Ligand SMILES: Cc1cc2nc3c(=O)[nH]c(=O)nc-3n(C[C@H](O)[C@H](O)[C@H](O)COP(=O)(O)OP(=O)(O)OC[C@H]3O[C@@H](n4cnc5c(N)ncnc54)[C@H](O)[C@@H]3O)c2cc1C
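The chain that follows stands alone, in the form predicted on its own, written as structure tokens.
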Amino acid sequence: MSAGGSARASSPSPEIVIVGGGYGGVTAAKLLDKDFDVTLIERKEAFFHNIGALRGTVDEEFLRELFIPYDNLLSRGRVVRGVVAKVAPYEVILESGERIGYDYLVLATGSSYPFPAKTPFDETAPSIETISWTGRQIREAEGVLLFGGGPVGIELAGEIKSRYPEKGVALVHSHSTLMGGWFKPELGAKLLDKLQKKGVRVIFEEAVMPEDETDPETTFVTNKGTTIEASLLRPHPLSGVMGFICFGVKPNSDYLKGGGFVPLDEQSRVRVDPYLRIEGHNNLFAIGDITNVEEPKTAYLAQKHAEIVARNIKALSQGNKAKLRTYRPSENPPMVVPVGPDDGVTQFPIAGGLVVGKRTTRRLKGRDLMVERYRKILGAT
């Protein structure tokens, strides 16, 4: 539908199409399911609860709980498995050739991230097989080298040391403090303390990348000349050290490129207005990692986007623009960072960024990484 469009008069109940069944898409679909005809389009066989992926690399039994069928997500809507080839006015076109019409569209295709934080596979079986194989490599490795001092690197370090306390783990970070950016210095400082108490070696202000990412026996060289023999995702045949890249989020927006219908910024993120509407359109929305909202890209914030968009679609469908809600990123966004199952640090978006420790972090996330909560949301027993 073009800019300024409204719901099609021929539709007795507005048709909502949501592209992407991650955290934001699932939340939006659940919120809209009662009042609209919802179609959720998702390419993966099952919902992957990637919040728990890093623990899944060292706990195969836990890993199997992270793949949750979409079968019981919606009570009146439907989930269509497919890959979107094009977004056009009035319809979404799948690679299969199927065309699905909409009155309101929500793009929620999220982002990709280096394995194992996210899996590149659409099928469940190869995802479990590959993550399990990686877990066996960790068990056999002499040591593990992690590149990146954000939440993924910190959490993976904590999970490995909690499972294998005697295994050498080092984290290399190009900045002078952990986390940084939107977060209070206290958050990074407390996380550093907890990592060091677990025996993780943290190396600051050294940027490192493999000389050749496709070489299984690669050499990593830092910008200060430090040379490390390590293999990505498996132990190096000489040093026994394996490496993981723990940075590099990329929006999943390739299907939008070239058409011009959905505007993208220079980082290939969807341009949205304060109502999370796609710029130039009244009935198209985007949520989560795919948007150009300047904030951390987290599951929690994707869900907050979904809540705003669900409210706004309901307001527009009722012809009540006065009820439209804006989304305002927090100056001190929330962040929960476990360091293994029983420790970690959390920043709350209150009191200028309140930072608390292991008891709250364990209760909020660390204990089971919210797997039971999401199994319940998707209707899995």
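Only a predicted model underlies this, so the values are computations on that prediction, with no experimental measurement involved. So that there is no doubt, residue numbering starts at 1 and follows the sequence shown.
Just so you know, the form predicted in complex with the named molecule exists too; it's not on screen, but the next bit is about it.
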Per-stretch contact check against the named molecule in the model of the complex, the hit in 349-357, 42-50, 28-36, 310-318 (non-hydrogen atom, 4.5 angstroms)
42-50
Answer for residue 242 alone: is it within 4.5 Å of the named molecule in the model of the complex, judged on heavy atom distances?
no
Find out whether any non-hydrogen atom of residue 82 is located within 4.5 angstroms of the named molecule in the model of the complex, and reply yes or no.
yes
Please tell me whether any heavy atom belonging to residue 297 falls inside 4.5 Å of a heavy atom of the named molecule, as the geometry stands in the model of the complex.
yes
Would you please decide whether residue 118 lies within 4.5 angstroms of the named molecule in the model of the complex, comparing each non-hydrogen atom pair?
yes
Can you work out which of 130, 177, 219, 111 has a heavy atom no more than 4.5 Å from the named molecule in the model of the complex?
111
Heavy atom contacts to the named molecule in the model of the complex at 4.5 Å, residues of 245-264 in sequence order
252, 255
